[in-house]
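Coming up is one lone chain in structure tokens, specifically the form predicted on its own.
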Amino acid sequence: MRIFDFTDAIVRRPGASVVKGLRAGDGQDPSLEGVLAEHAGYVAALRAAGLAVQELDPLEQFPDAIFVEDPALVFGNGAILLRPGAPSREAEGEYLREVLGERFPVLLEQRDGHADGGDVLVMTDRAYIGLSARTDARGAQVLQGLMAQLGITAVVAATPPEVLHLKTASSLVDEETVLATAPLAASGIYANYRVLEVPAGDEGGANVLRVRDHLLVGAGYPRLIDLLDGYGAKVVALPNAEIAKIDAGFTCMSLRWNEKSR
């Protein structure tokens, strides 16, 4: 069983407040209609890849709540509630507690430090926890211990200062291959893997999502799409220009796991 052979996913539908979501710069707000359409396309792509998708109701008080992977991590044998590094998001995990408690045999909780799920990249033999503005050293250490309880070896890694999340600048292509921006590729974090460097100018598309035999990629990055063709997956180009205005990536918009891995 491959690590991206997911059977199930949880997503949260965007609320109207999503247009005021956090972002690294001072760019314009996305359009609500655009975000809704792109999110619906994303959910449809997960289902087309063969996943059973549970859609949660919007949380208007949390504009970034559609990014369900930041306040939680899920694996076949358990889930972890996190403490996101942005103060406005710290309480989001409470709104995932019930559904995760119903779906997973073990529910662990981070109680110290801060960590975002967007800073965690799971590979075949280990997981990487990237230090960032949203994941601090204490949070990474605590998360490392929680993942160990689920049988997952995690390595804490420093990321270049311009990286928002580890998975903003890198993502899984297959079990031996990582896609990474030039600074992250040069950092040596992924020395044990084949590293594909994102073409210059396409850095915004570095977050791709491998789901079984499909690879979800931003439609606005044709050179990246060409690069990723031929790695054992059907490349699916999805519009994401509006959601990208609030620093969204494909990995952060769902929690994914394989029920059979229990």
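On a predicted model such as this, the values are computed, not experimentally measured, just so you know. Numbering starts at 1 and runs along the sequence shown.
Keep in mind the form predicted in complex with citrulline is missing from the figure; the text below concerns it.
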query: is_contact(Glu38, citrulline) in the predicted complex, heavy atom dist at most 4.5 Å; finding: no
query: Residue contact check: Leu164 to citrulline in the predicted complex, 4.5 Å heavy atom; finding: yes
query: Touches citrulline in the predicted complex: Glu242 (any heavy atom, 4.5 Å); finding: no
query: Citrulline contact in the predicted complex: Thr168, any heavy atom under 4.5 Å; finding: yes
query: Stretch from 191-199, 210-218, 61-69, 38-46 whose residues place a heavy atom within 4.5 Å of citrulline in the predicted complex; finding: 61-69
query: Interface residues of 114-147 toward citrulline, as seen in the predicted complex [heavy atoms, 4.5 Å]; finding: Gly118, Arg134
